[in-house]
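Single chain ahead, by itself, as structure tokens, in the form predicted on its own.
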């Protein structure tokens, strides 16, 4: 196995909406390696090892203020562990 194939993916499934599109755009801006998959009503974004959702980037794509607690309104599920969540960012990763 190559080192890349051993890296664990983390990510989130988001209910399709304007806010979810801004979140996905912010994640993709922060993580160019992000893979986005779409199905009816759902957007999945996944990255290797660690995913960060930055409030300032979401606000830039949303064109308005955004509270990281509003992530709860968009997220359907996630895979990984919530490592950090404050007013500036959300981090999903693998601690172990």
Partner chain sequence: MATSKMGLKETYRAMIRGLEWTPTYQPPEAIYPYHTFEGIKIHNWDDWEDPFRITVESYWKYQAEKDRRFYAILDGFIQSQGHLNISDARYLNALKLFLQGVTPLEYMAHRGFSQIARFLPGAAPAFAALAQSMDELRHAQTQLHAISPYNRYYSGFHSMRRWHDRVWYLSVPKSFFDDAVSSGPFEFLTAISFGFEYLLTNLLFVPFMSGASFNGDLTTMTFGFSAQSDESRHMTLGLEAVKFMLEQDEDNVPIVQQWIDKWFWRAYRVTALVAAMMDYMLPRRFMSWKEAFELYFEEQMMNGLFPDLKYYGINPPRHVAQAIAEKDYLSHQVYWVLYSFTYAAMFHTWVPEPQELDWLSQKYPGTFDRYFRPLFERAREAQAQGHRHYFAGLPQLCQVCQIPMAFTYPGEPIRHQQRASVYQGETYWTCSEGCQWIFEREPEKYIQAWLPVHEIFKGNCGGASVPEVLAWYGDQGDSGDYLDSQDRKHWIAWHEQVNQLV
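These numbers come from a predicted model, not from an experiment. Numbering follows the first chain given and starts at 1.
Another form, the form predicted in complex with the partner chain, is not on view; read the next lines as being about it.
Asker: Heavy atom within 4.5 Å of the partner chain in the model of the complex: which of 50, 44, 55, 30?
Answerer: Of 50, 44, 55, 30, the residue with a heavy atom within 4.5 Å of the partner chain in the model of the complex is 44.
Asker: Does residue 75 reach the partner chain in the model of the complex if we count a contact as any heavy atom within 4.5 Å?
Answerer: Judged by the heavy-atom cut-off of 4.5 Å, residue 75 is in contact with the partner chain in the model of the complex.
Asker: Would residue 63 sit within 4.5 Å of the partner chain in the model of the complex, counting heavy atoms only?
Answerer: Looking in the model of the complex, residue contacts with the partner chain do not include residue 63, since no heavy atom lies within 4.5 Å.
Asker: Since only the chain is shown here, I'm wondering whether residue 87 would be in contact with the partner chain in the model of the complex (any heavy atom pair within 4.5 Å).
Answerer: So residue 87 counts as contacting the partner chain.
Asker: Any chance residue 70 has a heavy atom within 4.5 Å of the partner chain in the model of the complex?
Answerer: Residue 70: contacts the partner chain in the model of the complex.
Asker: Can you name the residues of 14-44 that have a heavy atom within 4.5 Å of the partner chain in the model of the complex?
Answerer: Residues within 4.5 Å: 15, 37, 39, 40, 41, 42, 44.
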